[in-house]
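First comes one chain, alone, set out as structure tokens in the form predicted alone.
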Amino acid sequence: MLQALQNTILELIATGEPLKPTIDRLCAMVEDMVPDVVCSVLEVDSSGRLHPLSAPSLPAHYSEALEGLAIGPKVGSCGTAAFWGRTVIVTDIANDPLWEDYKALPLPLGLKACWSTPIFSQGVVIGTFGFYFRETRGPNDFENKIVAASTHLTAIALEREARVRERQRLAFTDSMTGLPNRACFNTRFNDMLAQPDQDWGLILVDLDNLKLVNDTFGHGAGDALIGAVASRITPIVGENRLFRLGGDEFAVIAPLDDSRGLGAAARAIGEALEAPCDCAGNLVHPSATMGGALIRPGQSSETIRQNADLALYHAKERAKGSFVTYQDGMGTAISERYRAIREVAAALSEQRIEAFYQPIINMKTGTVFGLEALCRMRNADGSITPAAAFHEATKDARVAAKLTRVMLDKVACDLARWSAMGLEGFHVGVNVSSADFHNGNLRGGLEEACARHGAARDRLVVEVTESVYLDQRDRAISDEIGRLRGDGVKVALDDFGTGFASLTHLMTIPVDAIKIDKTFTRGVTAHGPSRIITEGLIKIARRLGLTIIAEGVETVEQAEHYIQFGCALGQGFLYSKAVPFATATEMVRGRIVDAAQAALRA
């Protein structure tokens, strides 16, 4: 019989049968072999508490009474055996002091004696195997053999279960932070969706400065930053609600009633991250951008995650460190951006990006003062698409950087061609993006393009919008602009007046020219704020020795008012739209634009 017991249980263990059914089968076989006993197997956790594993002949309330009970020197037979690490035989439960506090459990069931044997693994008690007798007696020789075999088999089963649990823990735990990982997130997320009576929220948390910390201070500091963020968010959202998805991305799943609750949770997370932390001896200010989505019954996991991703994408576009909740329509905007990115990427690979030029006019004389290079995309049918039509694509850092490289190359080539024609004395402006400053290749790319075509760098004007540096928290952009000017390149502040604290930027950003945004030009002829602000800006810029260019000049009246205010240079449809190289060459060669003369004669 013992051989059959061993073969059966070992086969169940070897084939991967779950722990409880395996031990249930063992207890049932033992009780068949010794009909007058009741089997009980308890697990003992690392904190010394009991957890019933199998007791097929005991009522449920008996096992429930033992759940979580701490082992000790007077905790029945099993609790005491686990505490002392040795076999405990109680032949009379009713009168034994070990059962003084617990005898009300077995006696009503007719159980009068209990024999418990500890189960060891690597010298540590991990469980107990117990025999309850219906008579006041101890075990006989046959029962001793059964218990010896059973404790050995149970130890094997428990050790295998421990290995399985450890593998699962490792598979579902992020090794760096100890947080649940992406695999665990996927499992719990799907489990959560099966609870239709609860509203939930999903927040994706993306660290803003992990790459910068890694590059500046090393990966040890970056790892410390990830750990600090994990330790700060966990108390805010609670245990098992925060997941590390990988890299610099975390996810939070929390019960929330509405979007206000979602926003409040995000604000609490943001506030928890505000204080600086020590990362491998370096002071770092954690920052995160977040996107969230409410989870409603009936939604698929893919839809919910996509909604949160879209919200995070919008938050990154709006401003680092912000939080955005998903709203209907976000998907359409993202789809449009992806479409534009694909089209521009195709045009780049097929060399269909061209430089058109819009003249900057001296509105007093009608002469061409300079040109602004504007990106155009030639389509397969030969038609031209202006940059405004694929503006969404330029918000992608990689696309924007590639467009700048292509435009620098084309402008340098055209400058060299104009020089060969003897057409000198004018500058050409090229727009650059924040991506061009972030990747650190702007100066090198500009120098390389000019060297390749033999163009003079001092004929280039780099046009920078305020949005390029509004989001910067240090002097990186202004320092790079200073270096460009040191190379002989002119720098113009484009769309001036539309950003926050524009006048402040004139004190901190070293530029040669400002281009007054067309929104002011539209109101310059009326008696109102636009006119007053524009006149003031011009006076300030002139006092600072800056060149002033009015953008969006479309009427003679606008040109006259700018001239009256002391701004002689203008750019807009009154004079010309952006034109290809050949037409721009004729304008420069003639140095006169008829519309300008018309403005003067009016």
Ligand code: C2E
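None of these values were measured; they are calculated from a predicted model. Counting begins at 1, following the sequence as shown.
The form predicted together with the named molecule is left out here; the points below concern that form.
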Under a 4.5 angstroms heavy atom criterion, identify the one residue in 386, 454, 488, 528 near the named molecule in the model of the complex. 386
Report the residue, out of 407, 230, 254, 149, that has at least one non-hydrogen atom within 4.5 angstroms of the named molecule in the model of the complex. 407
Please name which of the stretches 73-81, 111-119, 214-222, 386-394 has residues with heavy atoms lying within 4.5 Å of the named molecule in the model of the complex. 386-394
Does the named molecule come within 4.5 Å of any heavy atom of residue 374 in the model of the complex? yes
Report yes if any heavy atom of residue 560 sits within 4.5 Å of a heavy atom of the named molecule in the model of the complex; otherwise report no. no
Taking the named molecule as it sits in the model of the complex, is residue 432 near enough to touch it, meaning that at least one heavy atom pair lies within 4.5 angstroms? yes
Closest heavy atom of residue 324 to the named molecule in the model of the complex, within 4.5 Å or not? no
Are all three of 174, 210 and 313 close to the named molecule in the model of the complex, meaning a heavy atom of each within 4.5 Å? no
Counting only heavy atoms, which residues in 545-564 are within 4.5 Å of the named molecule in the model of the complex? 551, 552, 553, 554
